[in-house]
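Only one chain is given next, in structure tokens, and it is the form predicted on its own.
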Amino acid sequence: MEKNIFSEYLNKPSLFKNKDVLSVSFIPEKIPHRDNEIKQIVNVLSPVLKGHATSNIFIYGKTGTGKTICMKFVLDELKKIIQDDNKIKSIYINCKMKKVADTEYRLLAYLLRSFGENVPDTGLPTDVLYRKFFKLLDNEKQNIIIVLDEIDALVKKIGDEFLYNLTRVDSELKKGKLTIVGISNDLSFTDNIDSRVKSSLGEEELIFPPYNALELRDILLERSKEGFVEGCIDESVINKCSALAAQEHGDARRALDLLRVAGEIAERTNSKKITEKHVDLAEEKIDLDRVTEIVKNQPRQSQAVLFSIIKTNNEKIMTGDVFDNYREICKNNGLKILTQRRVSDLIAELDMLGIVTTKVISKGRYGRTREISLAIENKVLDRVKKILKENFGE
């Protein structure tokens, strides 16, 4: 009988005890170094336990600072204490998920389905969905908490009118009460929304600071005890993953990714132990995957702007030079040429994604311009160039 190609993997010992523990979506029983932030969220939301209204809350912080995990932890604890009390309901929505919250219609449809309503994928006017949702909210005495994670991504796509509609209705409800929790990586998010939306939010703000290397080390030590087989990982590996992630604004998500991928690389190469060498290889792989994935998923206009920056190929790249190249790429590919101001917005978005870095420099009486430099390592840049050349037929 012919040997199955997977048979050797069945009997191969694994370095992992429970790989799920090393995932960013895993919610541990205790979240290190976030007691204060969790307590603040609980203080804002706790009035729902006595049927009272609560403030809306906005949670800010860079990627990997524990915003989502803490919010999910609080919601889990709330569910445990209310048990079968259907007068308190929480709805969590990741606004970056396609077909869930990338249009106002889909957002409302998702909210209605959370109440067991049957809503077609398309076809109804949004004001009909709003009326249905508000009627459901006011059916009985109940507190509804809606958590909008990555809320800035949703506002960028559909504007801020939906926020105004959701917050305004709370004052009109007779029985139900609605609380909005917004989570964003963008600390200036509320600066860019309409003043009437801002005043109707009346929100409490909570900022999550980045983790330092020692805090990241504690997080990784806890997870590695449950995640890996005993004795297969050097402490120096934990220290290196913590130090590397601390350099990148204290990103626990990156620290966990480095640790998990280092383990996967060690296992694939039949190593008995995970070493610092595996962390170096993991860092290369993650950076390559992250940047290429971001570039592939960018809208075509953003790709054109990035390609223009790469083609400018100076040490100090100015917005004007980029715009000349951008115009040429658009002409050659039948793309609409956006205004210089809109191109500047797209450059700012690439900066936020960590693909480029920008700084505004003054040219005296000639005004101000933006100086741009690529923030991609050469190894990754070659792959990005290849993707963009294929996309734009060069």
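On a predicted model such as this, the values are computed, not experimentally measured, just so you know. Quick note: we count residues from 1 along the sequence shown, nothing fancier.
Keep in mind the form predicted in complex with a small molecule is missing from the figure; the text below concerns it.
This chain is displayed without the small molecule, yet in the model of the complex the stretch 64-72 from 50-58, 64-72, 341-349, 328-336 comes within 4.5 Å of it by heavy atoms. This chain is drawn without the small molecule; in the model of the complex, the residue among Asn185, Thr179, Thr319, Gln298 with a heavy atom within 4.5 Å of it is Asn185. Contact with the small molecule in the model of the complex, judged by any heavy atom within 4.5 Å, is made by just one of Leu306, Leu256, Ala101, Leu166: Leu256. Put simply, Ala252 is close to the small molecule in the model of the complex: some heavy atom of it is within 4.5 Å. Put simply, Ile31 is close to the small molecule in the model of the complex: some heavy atom of it is within 4.5 Å. The small molecule is not drawn, but in the model of the complex it has no heavy atom within 4.5 Å of Ala375. Interface residue remark: Tyr211 is counted as part of the site for the small molecule in the model of the complex, having a heavy atom within 4.5 Å.
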